[in-house]
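Okay, so here's just one chain, in structure tokens, the form predicted alone.
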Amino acid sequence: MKKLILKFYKELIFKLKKKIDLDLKKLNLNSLNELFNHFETDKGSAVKNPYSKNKDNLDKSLIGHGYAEFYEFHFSYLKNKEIKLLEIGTWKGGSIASFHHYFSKAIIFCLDRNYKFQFKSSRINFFNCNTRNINELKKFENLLIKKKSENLDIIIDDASHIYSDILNNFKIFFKKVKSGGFYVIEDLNHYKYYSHLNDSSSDSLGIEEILKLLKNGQIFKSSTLDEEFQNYCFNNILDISIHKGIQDDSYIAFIKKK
């Protein structure tokens, strides 16, 4: 009961909180990297680290994965098309604001288990959801049905980066990608760099290794991705590209559907 009351309270505060209206915001920024940097998402190349306590050394206070060039390489042809995009894990919404301006006709859905999202738009649909919660996932699926958006052109996982969450999200959401669309996994190797994200067992395959096996159509053992789902992937994946960004831990995968 306490959890339900707390969630209701947070949702009420979120609805009442003033947000930045992106429909009214005009920007003279052409590249996606400029947008990422402007809206201070770590997808960009030069973003101030919100956790940095070192204000004197600017180099130390800058972070950024430099993913824009890979996004533009794969998605520039969609820039002015009426696409549907979902991002899982939005935090304050910097990347959503960037995509809103870059994809000028996109309908955007975003999921996050927190209520920190700072923006609004007639083209943006924010939904509070923990992807580990079956009931919340069902409610989100009902929203997609209501919006006639059961299938999406682009789905981006930029959520917890926990090993098991990456695989669970992939299993849940990859089937919602349209034919010819993309499923993107950001920071896919973070669990290797940060122990609190690594809940894999000693005999678990690495995410990169799993993606290579899926690309090559090879069956493997996984407690999350069962044989039925693997066969679905073999029949529906056209290509998988993994790119290395700026930082040591900057890895991003683009999975294209047939």
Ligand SMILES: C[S@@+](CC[C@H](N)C(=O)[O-])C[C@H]1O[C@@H](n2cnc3c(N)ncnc32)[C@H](O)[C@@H]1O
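In case it trips you up, residue 1 is the first one in the sequence shown, and so on. Since we're looking at a predicted model, the values are computed, not measured.
Beyond what is shown, the protein has a form predicted together with the ligand; the following relates to that form.
*Asks:* Although the ligand is absent from this view, report whether residue 174 comes within 4.5 Å of it in the model of the complex, heavy atoms only.
*Replies:* Taking the distances in the model of the complex, the answer for residue 174 is no, it never comes within 4.5 Å of the ligand.
*Asks:* Examine residue 91 and determine whether its closest non-hydrogen atom to the ligand in the model of the complex is within 4.5 angstroms.
*Replies:* Close contact exists here: in the model of the complex, residue 91 approaches the ligand to within 4.5 Å, heavy atoms only.
*Asks:* Would you check, heavy atoms only and a 4.5 Å threshold, whether residue 144 touches the ligand in the model of the complex?
*Replies:* So residue 144 does not count as contacting the ligand.
*Asks:* Counting only non-hydrogen atoms and a 4.5 angstroms cut-off, does residue 153 reach the ligand in the model of the complex?
*Replies:* Output for residue 153 is no: heavy atoms all beyond 4.5 Å of the ligand.
*Asks:* Would you mind picking out the stretch of 211-219, 37-45, 227-235, 197-205 that comes within 4.5 angstroms of the ligand in the model of the complex, counting non-hydrogen atoms?
*Replies:* Single hit among the candidates: 37-45.
*Asks:* 164, 125, 149, 131: which sits within 4.5 Å of the ligand in the model of the complex by any heavy atom?
*Replies:* The option sitting close enough to the partner is 131.
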